[in-house]
Every structure is written in structure tokens, then in C-alpha cells.
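So this first bit is one chain, no partners, the form predicted alone, shown in C-alpha cells.
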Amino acid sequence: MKNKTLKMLIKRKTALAGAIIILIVVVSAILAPVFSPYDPNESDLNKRLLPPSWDDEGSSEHLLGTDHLGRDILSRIIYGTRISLLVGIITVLLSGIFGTVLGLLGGYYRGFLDSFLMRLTEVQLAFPFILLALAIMSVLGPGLRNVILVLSITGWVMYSRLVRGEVLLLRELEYVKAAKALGQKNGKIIFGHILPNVFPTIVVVGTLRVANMIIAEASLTFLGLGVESRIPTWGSMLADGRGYITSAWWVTAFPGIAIMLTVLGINLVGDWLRDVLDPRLKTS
């Protein structure tokens, strides 16, 4: 099975490219102190706004140039991968678990619980995602923990609605009715029979949501309501460079490219997982 999946990944060139991008990002995050040529917060005003090394005015010591405080952009991008992956993965896990459990319970038991959960999701969906996150962050204040908390709170709705819809179909199938007739407890039916059939869908959605959470974290940090400025993140790099777009394009361009490539890689792998895990969409 593993060999077959690997062959499918190699066959799908776009998915393979996405997997390579993700691998590079993950390795960079884990081994940031090894790959980073400088401390990400080390500044040298004598070297501020140096262009990339291939520019005539650039320096070979700073491959991607420096920012307005003389900090090495490549080092800050490498360390920024840690925050992006941390926020993306943790928020997806927290919101995914919470939303999945609520969707399972609401779809299986129906009645008041289901109606209450659906009204709650409808109210939350009435607010734009980023606007709701901004409103909560303005109350809680900036910080990594608050970013993870807010994105988890605002991200559970998709999982809940998706899982509920799947459960409404699965609960009417013969194997679920047979389990009920044999006297199995509801908990065993929900988590032992229904959840395994919903899990592939959750994995695909969760993979794609990691990319959304990375963009959301960068957006909040760019607006000054995300991670503290002392921590190097891609969003803070974009915010720092917005005043130098015309004079020092590299300050914003390279972290923007890092965000774009990471999100693209995750989406490409997510599309491939959808085809692998869903037999209805599996390609030949």
C-alpha cells in the first residue's frame, strides 16, 4: 500500500512538487539554527537595506539582502517557517478535533443538539472569518497563544458542518443499523464505525486548512494583532517592509514568495490526498 501511494505521488508531478516544497519548509523549521547564517534578530544599521547578493550594490554575506534594521532576510525567513507551521498545524488540530466531535454528535443524535449547533455555526458564518478574528484579537491582544486560540475558535465551523453532513448519510446505512440492532453502544458506533469513514475527508480538509491558517496568521501579524514583533514571522516581515516597497522591494518580496510557495505546496498535496483518499475522485 505504501509503495502504491508513493508511486501515485511520483506520478502526479504537481503533488510531488508540493511535497518537495513542504519537505523543505519542514526541514528548515526543524533545523533553523543550522541553516540560518545569522541570528534573525541581529541588526547592523551600517548594513541596512542591502539588496540581494546578485545586485551590484549587494553583499555576498547576505544572500537575500537586509531589512531596514540591517537584519538578514534569509535568516528571518528560515525562522519564520517555525511560526507558520506551528500556528497552521496546531490550529487545524484543535479546531479539527473540536469541530469533528460536534459534527459527529449533532449528526448522529439530531434533535435539539443538532439544531443548536447548526444555528451556532450559521451565526458564526455570518461574520467574515478575518473580521471575526480581528475583533477577538483586538480584545485579547497580540501574542502567539492568542493567535492560535482565536484561529482555532473561528475555524471549527467548517469541520462541524462537513462531518455532520457525512454522518447524516452514514447513520442510515445498513452497517450502522446492524450495529444498533446488535446492541452496540452509541459511543462505539460513532467513534468505531462512523468516524473511520469520515476520517479521510477530515484529513483532506485539514491539510487544505493548514494553508488558510498560515495566511490568516500572516494577515493578523501584518495588521499588528498577531505574533509579537520580537518573534520573526513572515507577516511581520511584510509589515516591516511595506514602507520600503518602492525603494527596497526585497524586504517584502521574499517573505511574500515564501508564503506563496508554502501555501501552494500544501494545496497541491491536499488536492492529491483528496484523489487518493476519496475513491469517487480517484484518478486512473
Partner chain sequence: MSKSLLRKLRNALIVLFGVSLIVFMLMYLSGDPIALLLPMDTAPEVAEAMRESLGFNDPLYIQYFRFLSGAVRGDFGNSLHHNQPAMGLIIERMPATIELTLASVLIALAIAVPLGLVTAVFSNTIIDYIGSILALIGQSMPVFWLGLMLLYVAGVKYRLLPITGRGTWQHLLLPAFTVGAYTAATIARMLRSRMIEIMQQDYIKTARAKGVRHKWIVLKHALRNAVLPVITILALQLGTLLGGAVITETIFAWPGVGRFMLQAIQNRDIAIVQAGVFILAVSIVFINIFTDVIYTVLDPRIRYE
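Positions refer to the first chain, counted from 1. Given the structure is predicted, the values throughout are model-derived calculations rather than measurements.
FYI, the form predicted in complex with the partner chain isn't displayed, but the following is about it.
- Contact check for residue 35: no non-hydrogen atom falls within 4.5 Å of the partner chain in the predicted complex.
- Contact between residue 264 and the partner chain in the predicted complex is found at the 4.5 Å heavy atom cutoff.
- Interface membership of residue 169, defined by any non-hydrogen atom within 4.5 Å of the partner chain in the predicted complex, is ruled out.
- Contact between residue 252 and the partner chain in the predicted complex is found at the 4.5 Å heavy atom cutoff.
- With the partner chain omitted here, the record of contacts in the predicted complex names 223-231 of 26-34, 223-231, 44-52, 57-65, defined by a heavy atom within 4.5 Å.
- Against the partner chain in the predicted complex, the set 11, 17 and 22 makes no contact: no member has a heavy atom within 4.5 Å.
- In sequence order, 245, 246, 249, 252, 253, 256, 257, 259, 260, 263, 264, 267, 268, 271 are the residues of 243-271 having a heavy atom within 4.5 Å of the partner chain in the predicted complex; the partner itself is omitted from this view.
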